[in-house]
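In the form predicted on its own, a lone chain appears below as structure tokens.
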């Protein structure tokens, strides 16, 4: 029982981490909480569903959805967020309001185009389960573990082993100094949206496969849980986001399985957030001088 709950928690935590990673990357470089990232999660899940059912190829669904939604993210960055931030004396809440509006619009557009009813991925595998000792692994879990590890490895390589990653880190630390030193900050911002929205799309497909159901309301819970995770991890810190996502996944699963606390499962993330921030206000991996 414990082993099964552990694997379930690891799968859910991996999806949480990947979902929140996009918002973390965007906050790290632009300083805005992009709630619309949850809309990318929703759009990615639906686009992946259409590609998978048209081609029967799940790899193509992941790749095609990630590329298309990443391109959508860059479009939003260039046409909405950057123009807002470029205006003098812009209130910090304005980009957040714009993001909330975009997320709300994404849900309504999906509902109008794709219908209000749920859709099933019906992802087919050669085996229904894999037995490893006392643990029974669902193929969807293995897919989630592998894709999350691959995405985080690609992210680490890009940020730490490429010039574009160096430019991203420089811009995230101080965009004005980076610009003076000749760093193309526009490319760094575009990279954040390509990766951020692409990761969200992949996470949306993962959830669709894991629960075999997607609806126009798919992004509602991730939109606020994502905020809890990125704040808990330390705003703008990718490593902290991974740790926080896994932590929330484990706490949710084990509290639900082994206790009778009268707390809705989706509220546990905020209970953990409140407790941790009372102990460590800057978040798990945050820095006090940035809070």
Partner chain sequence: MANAYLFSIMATVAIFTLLALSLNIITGYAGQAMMGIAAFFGIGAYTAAILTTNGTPFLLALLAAMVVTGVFGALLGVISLRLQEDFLAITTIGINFVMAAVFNTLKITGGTLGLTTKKPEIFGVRMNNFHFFILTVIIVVIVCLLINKMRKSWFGMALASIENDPAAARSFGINVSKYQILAFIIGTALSGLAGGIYSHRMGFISATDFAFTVSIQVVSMCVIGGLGTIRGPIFGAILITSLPEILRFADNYRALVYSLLLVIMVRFMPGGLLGDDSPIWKLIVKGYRKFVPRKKTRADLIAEEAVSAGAAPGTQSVKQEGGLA
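Residue numbers count along the first chain shown, from 1. None of these values were measured; they are calculated from a predicted model.
One more form of this protein, predicted together with its partner chain, exists but is not displayed; see below.
Using the partner position in the predicted complex, report whether residue 131 sits within 4.5 Å of its partner chain, counting heavy atoms only.
Answer no; every heavy atom of residue 131 is more than 4.5 Å from its partner chain in the predicted complex.
Examine residue 182 and determine whether its closest non-hydrogen atom to its partner chain in the predicted complex is within 4.5 angstroms.
No, residue 182 stays farther than 4.5 Å from its partner chain in the predicted complex.
Close approach of residue 91 to its partner chain in the predicted complex, 4.5 Å, heavy atom
Looking in the predicted complex, residue contacts with its partner chain include residue 91, since a heavy atom lies within 4.5 Å.
In the predicted complex, does residue 101 have a heavy atom within 4.5 Å of its partner chain?
Heavy-atom contact with its partner chain at 4.5 Å: present for residue 101.
Location of its partner chain contact in the predicted complex, chosen stretch of 58-66, 42-50, 242-250, 219-227 [non-hydrogen atom, 4.5 Å]
The contacting stretch here is 219-227.
Here the chain is shown alone; which of 135, 166, 96, 154 has a heavy atom within 4.5 Å of its partner chain in the predicted complex?
That would be 96.
Is it the case in the predicted complex that 84, 231 and 267 each bring at least one heavy atom within 4.5 Å of its partner chain?
Answer is yes for this spot.
Output the sequence-ordered list of residues from 152-190 with at least one heavy atom within 4.5 Å of its partner chain in the predicted complex.
The stretch does not touch the partner at all.
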